[in-house]
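Only one chain comes next, encoded as structure tokens, the form predicted on its own.
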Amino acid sequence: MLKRLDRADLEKLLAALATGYRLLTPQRLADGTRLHRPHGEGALALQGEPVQRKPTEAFFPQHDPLLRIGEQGEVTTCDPPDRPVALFGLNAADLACIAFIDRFFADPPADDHYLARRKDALLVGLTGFAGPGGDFLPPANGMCDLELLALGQNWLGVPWTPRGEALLEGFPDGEQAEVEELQETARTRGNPAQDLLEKAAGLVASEVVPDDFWREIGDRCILCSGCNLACPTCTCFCVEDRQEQAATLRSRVWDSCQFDAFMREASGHNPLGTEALRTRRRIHHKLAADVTRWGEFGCLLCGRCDRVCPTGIGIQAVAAEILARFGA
């Protein structure tokens, strides 16, 4: 059931979403930042670079209250918001990242708190000519409830779930040939970044990258943790207890494997006691360990770590260096 939407149709769709969901849409701030914000707080930014804050924080927030412990030891859990979230405007990489951590948190023992936030959430992809300046973004071809393929002034609505079909009811039909043309554009352009990542990952997994390289990359790290805080597939957290007036609030808070104390043991021993070891672990985890465990890279090429890193050692930048220096 392919549909074609103009701007008025799109506004109707968003209004329908806002009635049943906590709708988050991409909006442009005064400083130029593009972020997911509650719908209606600002003007829609339907074209542009991916939102910088990771979309997975809708289900795994940076500070996530879990439970309260009363003065007598009674425990009450912190319930998720009363309405499920609808994330609008996700590209193919972001949808793949959400699918990745869905698998991670559902793996036994399943994370009930994450699954409660994720339950009934609705994902809306925005691909096609929706990049910066109308640049082409490859179709997601699934991983969401509804995908909107931008054609300039109009959008093709492709439902991927029954909920997506229900949302498109009543809109005019679209042409399948237009979808096929966009898919052919994606096939023709290929994915050079994916090719680079796969080649670099092979070198990392085969242990041909020497320790001196990791020391060199580690020396560039300034311990800002931006790579981890921006990465949609990073899932490490620590536990924080905060004393309230009559209870203790226990929360989980994002952690970073780039911090010196990340794996420091009570004895004082630190198996990741140098920045070279921590940097190697960050890259090896995404390009080798995740492949062994999950069958896919933990880096899905959203580009956030490369955009946020002030010293140029995001995943794609390091992968390019590995290939240039050790790929011959």
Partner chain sequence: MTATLTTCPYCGTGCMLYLLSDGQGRLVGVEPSAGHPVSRGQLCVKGWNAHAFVQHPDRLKTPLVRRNGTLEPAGWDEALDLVHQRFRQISAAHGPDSLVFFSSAKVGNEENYLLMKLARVGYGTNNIDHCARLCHSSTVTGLVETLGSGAMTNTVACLDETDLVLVIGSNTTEQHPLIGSRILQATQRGCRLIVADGRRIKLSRHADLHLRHRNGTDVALLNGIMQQILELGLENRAFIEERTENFTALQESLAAFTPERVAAITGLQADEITAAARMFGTAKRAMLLYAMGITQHSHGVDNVRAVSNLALLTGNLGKPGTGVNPLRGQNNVQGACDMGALPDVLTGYQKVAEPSVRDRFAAAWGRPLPDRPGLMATHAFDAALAGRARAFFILGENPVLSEANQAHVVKALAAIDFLVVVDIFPTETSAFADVVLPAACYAEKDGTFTSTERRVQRFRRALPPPGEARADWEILSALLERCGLPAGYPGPGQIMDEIAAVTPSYGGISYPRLEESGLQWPCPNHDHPGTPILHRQSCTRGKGRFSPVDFRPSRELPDAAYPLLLNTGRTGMHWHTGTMTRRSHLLDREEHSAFIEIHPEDAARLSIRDRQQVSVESRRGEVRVMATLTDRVPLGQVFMPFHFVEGAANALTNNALDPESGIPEFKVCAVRITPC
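Positions refer to the first chain, counted from 1. Note that the structure is predicted; figures quoted are calculated from it, not measured.
As for the form predicted together with the partner chain, it is not shown, yet the points below apply to it.
> Which listed residue (244, 173, 212, 195) meets the criterion of a heavy atom within 4.5 Å of the partner chain in the predicted bound form?
It is 244 that has a heavy atom within 4.5 Å of the partner.
> Out of 131, 159, 138, 226, which one falls within 4.5 Å of the partner chain in the predicted bound form, going by heavy atoms?
Contact check passes for 226.
> Should residue 83 be classed as touching the partner chain in the predicted bound form when contacts are defined as heavy atoms within 4.5 Å?
Taking the distances in the predicted bound form, the answer for residue 83 is no, it never comes within 4.5 Å of the partner chain.
> How about residue 312: is it within 4.5 Å of the partner chain in the predicted bound form, going by heavy atoms?
Residue 312: yes, in contact with the partner chain in the predicted bound form.
> Even though the partner isn't displayed, in the predicted bound form is residue 110 close enough to the partner chain, meaning a heavy atom within 4.5 Å?
Residue-level check for residue 110: no, no contact with the partner chain.
> Within 4.5 Å, heavy atoms only: does residue 262 come near the partner chain in the predicted bound form?
Yes - in the predicted bound form, heavy atoms of residue 262 and the partner chain come within 4.5 Å of each other.
> Quick check for you: of 143-151, 161-169, 231-239, 178-186, which stretch puts a non-hydrogen atom within 4.5 Å of the partner chain in the predicted bound form?
Result for this chain: 231-239.
> Would the partner chain be touched by all three of 7, 89 and 301 in the predicted bound form, meaning a heavy atom each within 4.5 Å?
No, the candidate spot makes no contact with the partner chain.
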